[in-house]
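Only one chain is given next, in structure tokens, and it is the form predicted on its own.
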Amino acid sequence: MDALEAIKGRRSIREFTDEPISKEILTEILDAARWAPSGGNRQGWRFVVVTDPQVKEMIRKVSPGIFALPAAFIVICMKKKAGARAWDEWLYAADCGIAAQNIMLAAFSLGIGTCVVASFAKEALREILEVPEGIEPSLIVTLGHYESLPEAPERKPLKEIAFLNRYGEEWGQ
């Protein structure tokens, strides 16, 4: 599957089968996350893979954005530095989003469904996963096998969202 096919084909999956995901596939997905670009190559993200059923259920209980129990979670965390500039904080958050995209595209190319979740109780998640000080949970990606892919949602035409040279100047398509 090429990159554009993965980008256009990937969907947010919120219902999963009971089939587990092999450690080999999870490793491939993590490797894709590791190769995500990061500002200044700081690689400030950290990844907690959760497959234990009890831990997954605890996470689901503190995450209203999770509707079904997937085969695995990847909790993307970011390093925080005391006295860091707002720019650094923003950069680390953006890096986590880029890593999440790599996770979702790699998973889709391997036949695994995903959904990124940002609605969770941060301190509860920190406690469940024993995340140390200086590291903050940023996003959760649910992963699992799916029965079918939902239809593609509508996308706005480029002429509504893209401009040429200056904001408001028509892109032309």
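Model, not experiment: these values are computed from the prediction. Residue indices: 1-based, along the sequence shown.
Just so you know, the form predicted together with a small molecule exists too; it's not on screen, but the next bit is about it.
In the predicted bound form, the small molecule sits within 4.5 Å of a heavy atom belonging to Phe67. Contact between Lys156 and the small molecule in the predicted bound form is not found at the 4.5 Å heavy atom cutoff. For the chain shown alone, Ser12 is a contact residue for the small molecule in the predicted bound form, at least one non-hydrogen atom being within 4.5 angstroms. Using a 4.5 angstroms limit between non-hydrogen atoms, Val116 touches the small molecule in the predicted bound form. Here the chain stands alone, but in the predicted bound form its contact with the small molecule, taken as any heavy atom within 4.5 Å, falls in 59-67 among 124-132, 59-67, 24-32, 41-49.
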